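The chain below stands alone and is given as structure tokens, in the form predicted on its own.
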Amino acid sequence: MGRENTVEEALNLLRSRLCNPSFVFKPLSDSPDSNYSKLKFIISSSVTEACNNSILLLGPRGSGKIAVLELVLKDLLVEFPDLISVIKLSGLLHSDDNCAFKEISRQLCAEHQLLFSKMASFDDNSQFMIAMLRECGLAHKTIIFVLDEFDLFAQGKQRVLYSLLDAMQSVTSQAVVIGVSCRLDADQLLEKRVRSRFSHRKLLFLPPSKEDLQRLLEHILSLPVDSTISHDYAVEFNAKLQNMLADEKFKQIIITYMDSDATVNHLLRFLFRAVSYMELGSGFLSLENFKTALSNIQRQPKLECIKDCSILELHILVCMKRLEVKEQNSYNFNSVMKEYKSIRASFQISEYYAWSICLRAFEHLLQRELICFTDNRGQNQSVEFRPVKLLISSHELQQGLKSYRSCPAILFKLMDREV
């Protein structure tokens, strides 16, 4: 019972880590060349030197822009607790000028314990923001504006961006504007009057390198040896983990998965699923956990369709594949039936289907889009005379046959046999 509790505790710890961006991105923040270090330097120097700054964080969704920013702000709020005020806006919610200024005023009032008026006009909120920037500047307090989905603020008249950046031109104000966007050309969307007031600092967030990926996996999946989790269990768990991380098969699984989307968020979703497959009985992560996660998370609609096919439909698919191997590039239903008849004679298959049943199965494959007509010409022709082609590869068909319950052994022979 004690063993099971230890394993469950370890499992819960790993899951909680995967849901905690601050923990995940910590190892990527150690290097002085990391975006964390660069961003922290820019903001902290703005605070200590009482200057204004603006910067863009650019990169694909899921690359860690917001996570790294939150990590930096968390550290700076500890380092300068009375010198920083953070205002957060999202282009999805506040791209409208009136809405944006109202939200800025609301957050400033909440931050400085002032009474917020919902009835204040656009000009009132705009003047209030400028006045607060001046007051905070005189008090040597920096206001950090975080504009998520920055490109959405760059639409329309860009009054919010202009007002913010223009107010920062005053020597009495002290602020930092941080734009976050997945559009790499976000700064090119700015009007000339706005661009002239922007600092043109940009940080690009890229997918993790192989070295970063290895560090991430070790950091996230290794158990602490000095926690409430059994020391001996943690040591054994980490040793088995190191062996698995060095396995070429494991590396291939990670490469296969990351090929579709190399962002950290994408990796975390995959790891969470793999960790959830860890067996409580063994108490250790295995290669099978990651194989299962990979097979379940990848969409394979064609394989799902093959699983729902009838035996006759499988025969038709195999016959079409054999015709393609024979380099018979153009074939139709009649050609497929001729091949099927040849197979029945060669392998003495006792099953017999009427021509009309075979045609119905053929049409069913067309509906499921496992096969299709090669062109739209001849639409007035009967189905059995129109040229068709397969929409699945040999590998997909082979995998479909393997996953098919009670698949006739003859079909495997036909796929493996050289024709």
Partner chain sequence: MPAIMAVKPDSARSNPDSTPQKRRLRSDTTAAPDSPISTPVKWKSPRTCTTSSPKTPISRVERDCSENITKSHKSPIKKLSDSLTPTKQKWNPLDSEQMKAVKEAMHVSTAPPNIVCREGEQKRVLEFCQACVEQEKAGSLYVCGCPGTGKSLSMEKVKQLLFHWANEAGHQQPNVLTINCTSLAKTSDIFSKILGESQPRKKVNGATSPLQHLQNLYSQKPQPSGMKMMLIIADELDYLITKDRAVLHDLFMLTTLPFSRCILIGIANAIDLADRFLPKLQSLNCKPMVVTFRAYSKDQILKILYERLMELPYTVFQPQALELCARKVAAASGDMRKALCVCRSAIEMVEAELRESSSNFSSSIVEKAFLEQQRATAPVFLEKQEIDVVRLDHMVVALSKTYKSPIVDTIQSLPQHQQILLCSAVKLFRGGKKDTNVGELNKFYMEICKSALIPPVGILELSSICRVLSDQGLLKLGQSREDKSKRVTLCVDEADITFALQGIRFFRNCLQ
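Note that the rigid core is defined as the largest set of C-alphas that superpose within 1.5 Å between two forms. Values in this document were obtained by computation on a predicted structure and should not be read as measured data. Numbering follows the first chain given and starts at 1.
The discussion below concerns the form predicted in complex with the partner chain, not included here.
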**OP:** Counting only non-hydrogen atoms, choose the one of 272-280, 211-219, 86-94, 197-205 that falls within 4.5 Å of the partner chain in the model of the complex.
**Re:** 197-205
Original post:
Since exactly one of T228, Q169, N243, Q348 fits, which has a heavy atom within 4.5 Å of the partner chain in the model of the complex?
Top reply: Q169
**OP:** Name the single residue among E327, D232, D123, E248 that comes within 4.5 Å of the partner chain in the model of the complex, judging by heavy atoms.
**Re:** D123
Original post:
Is there any non-hydrogen atom of R61 lying within 4.5 Å of the partner chain in the model of the complex?
Top reply: yes
Original post:
Wondering, does N334 line up within 4.5 Å of the partner chain in the model of the complex on heavy atoms?
Top reply: no
Original post:
Heavy atoms within 4.5 Å of the partner chain in the model of the complex: does K74 have any?
Top reply: no
**OP:** Report whether the minimum heavy atom distance between K26 and the partner chain in the model of the complex is within 4.5 Å.
**Re:** no
**OP:** Output the sequence-ordered list of residues from 379-394 with at least one heavy atom within 4.5 Å of the partner chain in the model of the complex.
**Re:** K389, L391, I392, S393
Subject >> Core-aligned C-alpha movement of L14 between the shown form and the other one reaching 2 Å >> reply: no
**OP:** Spell out whether the Cα of K38 moves at least 2 Å between the shown form and the other one when the two forms are superposed on their rigid core.
**Re:** no
Subject >> Core-aligned CA displacement of K26 at least 2 Å between the shown form and the other one >> reply: no
